[in-house]
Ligand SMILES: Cc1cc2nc3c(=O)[nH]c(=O)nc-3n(C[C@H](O)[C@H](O)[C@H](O)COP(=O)(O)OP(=O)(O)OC[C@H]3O[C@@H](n4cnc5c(N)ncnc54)[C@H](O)[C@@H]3O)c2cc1C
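Only one chain is shown below, in structure tokens, and it's the form predicted alone.
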């Protein structure tokens, strides 16, 4: 088996940003895996968007075949190491565990991490490329969806080129999820697994500027659009230009790259929004030394989009939540620095929005000011409408119109997957959903270009020991 260099956590990462959840020891993993009932009709598999055979990989851990467990996980989910850390397991696989109600569910996420950490620590290369098919594919974006599509296409024998606008591959996993939940060495290993299949990564290449859409389509027989979304757009508030106003995505990116902003030390921070990115921004602020961090949200906790475990995590970190509060303007001093966030109270008005959540209206004469040295926007991300226009595909405000099962766009050579589709009903904006969409797009491309027997092309040239151990 090909052995790649080992991956481990960067020792230069500040202790406050080191991974919080400790790994399972060998004995603890063995004990936990032996609790599994190995259900034949396992509901945990059905609850996993990538359909990992969970009882199977857990049994391999129980019998000492950790390499085979890692192969089973990564075969189903090309970003299975990242998902072991960031998946909302209590809502998915662990939430479906049959032990719920009588005992603690099996710690599936931690067992998944145990197996994939073993593969990374041992420097194992789990897969090999398929026999060359003489077909070329281009993938825009190297996040979970793009990485999954590229990995699958390479195993079908395609020559794959991945175009990533940022300087590092891995997308959201590498740059957009806080290090204490997802250290950079984890997505780096997943990228390495794909690169070892002959996939070429072109970082710092933005389609539409570095390389035109026309040139891209001339180079490749098929294209996967997996570019995700952009940064947080302006809210149109007065004072957005002041020093101390931050984009949550850029803030997390800075900490992931080692550029720890010193301006948060001792600061009062107001985070606008209540999704998972807002939680990341708030907990990042705490670790950057902020004295007080408050999430300001125009709805209530019942409407917030952050996962329950994220909410609990933020509260444990001392983050405060101010519900039914609408920001009005950002206040600054004569030096152009943020000093406060003016807000107004809201109340339910009996209406319901298109998403089923309640709507709220301002309470008369309820304006007040939150003291703040920094304001962080975490209210959603910009759509990449210009890119969709350049590719010439039909879209609604940047969201491609696709076949929900395959991701096929209005251009028969272009497929879409991942966060770029969020809002179409094709899946939640999660790492695991993006991975599944990337797999489906790759399978659809292979079926179209290789024929109905496409699955027979997905064979490793040199069978890996991990595959033999499955």
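As the structure is a computational prediction, the values presented were derived from the model and not from experiment. Numbering follows the first chain given and starts at 1.
One more form of this protein should be noted, the form predicted together with the ligand, which is absent from this view; the next part is about it.
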Check 149, 223 and 400: does every one of them have a heavy atom within 4.5 Å of the ligand in the model of the complex?
no
Okay, which stretch from 353-361, 125-133, 157-165, 263-271 lines the ligand in the model of the complex, with non-hydrogen atoms inside 4.5 Å?
157-165
Checking 62, 443, 429, 47 against the ligand in the model of the complex, the residue with a non-hydrogen atom inside 4.5 angstroms turns out to be 429
If the cut-off is 4.5 angstroms on heavy atoms, which of these, 186, 374, 341, 172, is the one near the ligand in the model of the complex?
172
Quick one: is residue 436 in contact with the ligand in the model of the complex, heavy atoms, 4.5 Å cut-off?
no
Wondering, does residue 227 line up within 4.5 Å of the ligand in the model of the complex on heavy atoms?
yes
Answer with yes or no whether residue 418 is in contact with the ligand in the model of the complex, where contact means some heavy atom within 4.5 Å.
yes
is_contact(residue 137, the ligand) in the model of the complex, heavy atom dist at most 4.5 Å:
no
Scan 326-353 and write down, in order along the chain, each residue with a heavy atom lying within 4.5 Å of the ligand in the model of the complex.
none
